[in-house]
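A single chain, nothing else alongside it, follows as structure tokens in the form predicted on its own.
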Amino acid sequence: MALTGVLRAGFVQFRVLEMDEALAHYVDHIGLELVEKADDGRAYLKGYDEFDRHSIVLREADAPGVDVMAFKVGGAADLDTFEKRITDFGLAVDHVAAGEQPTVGRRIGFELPSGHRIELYAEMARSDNGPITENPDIWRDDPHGMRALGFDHCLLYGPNVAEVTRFFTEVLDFGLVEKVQTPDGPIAVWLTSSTKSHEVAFVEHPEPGKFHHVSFLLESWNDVGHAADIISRYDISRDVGPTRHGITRGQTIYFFDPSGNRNEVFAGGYSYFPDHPTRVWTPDQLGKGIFYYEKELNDRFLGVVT
């Protein structure tokens, strides 16, 4: 598959209440690498299997939640193409100058009908400690913590999911991989710009701009079990799992960072191609779709967002 336009999920910036606690969680427990703690107080992190300089940005604030999710596009010309397509759709576009985040080129930003800020960018420096490219070993430095390979996806909660879906599929050329459909329209969607089962997902919710979880990719089901051991050993607040999804078929465990932001570690999931049909779930089977073994949802998973 020749990937053009939007290539993949690039980075997410979210808020934490106390930076040192957050860094201990994301570096020591999840296993990310601290790339830089910048002069403006933001911290930049990456997984050991990511080529670009960073994928996670933490900002200390009075309340947790998400600031922005950004997607990487194929080149600078794509930013101009997408700017016109976005404005033609009816959304206002603003510009973020190169260097607002270290080594990141210019970005364009806009607000979705769900209340979430999305940005597109084409340039970010390669990591000084990324995967080896000549006669490569499996990893450069010993993985630690949960051994997160990198940033995988986000689930975002907000209104107007049908309109958000139309935007991603018609303007950004994403595939609609799976959805939960009602007579009034979709209430949950899983979207991808690549062959992954999803890069971003949205669930209908009355409050705009809410953050359900950030997900980190693990290599295997065994690593999900290892993550569960770390969660128990260090008394990390667990939400659900280890289990697996019916939707995407991924293996998973959900838990919370010290600020109350929900995290997921995720392994597996099927491959998607643009000629595949959308897989459809009905609301009465949503429990099985989200938690394939338990076949039911808990109130905290549905209701707790930041």
Partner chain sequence: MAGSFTVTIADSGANFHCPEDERVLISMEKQGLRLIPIGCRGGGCGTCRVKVTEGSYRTRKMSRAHVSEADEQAGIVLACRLIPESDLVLGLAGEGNGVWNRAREQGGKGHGVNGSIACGIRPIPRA
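Positions refer to the first chain, counted from 1. All values derive from a computational prediction rather than experimental measurement.
Keep in mind that the form predicted together with its partner chain is not shown, yet the notes after this line are about it.
- Taking a 4.5 Å heavy atom cutoff to its partner chain in the predicted complex, the contact residue among E204, E123, E219, D78 is E204.
- The partner is absent here; in the predicted complex, the one residue of L176, I187, I86, I108 having a heavy atom within 4.5 Å of its partner chain is I187.
- Its partner chain in the predicted complex is approached by R238, whose closest heavy atom lies within 4.5 angstroms of it.
- Interface membership of G246, defined by any non-hydrogen atom within 4.5 Å of its partner chain in the predicted complex, is ruled out.
- In the predicted complex, no heavy atom of D40 sits within 4.5 Å of its partner chain.
- Heavy atoms of L34 never reach within 4.5 Å of its partner chain in the predicted complex, leaving it off the interface.
- Looking at 48 to 66, the residues that come within 4.5 Å of its partner chain in the predicted complex, counting any heavy atom, are E60, A61, D62, A63, P64.
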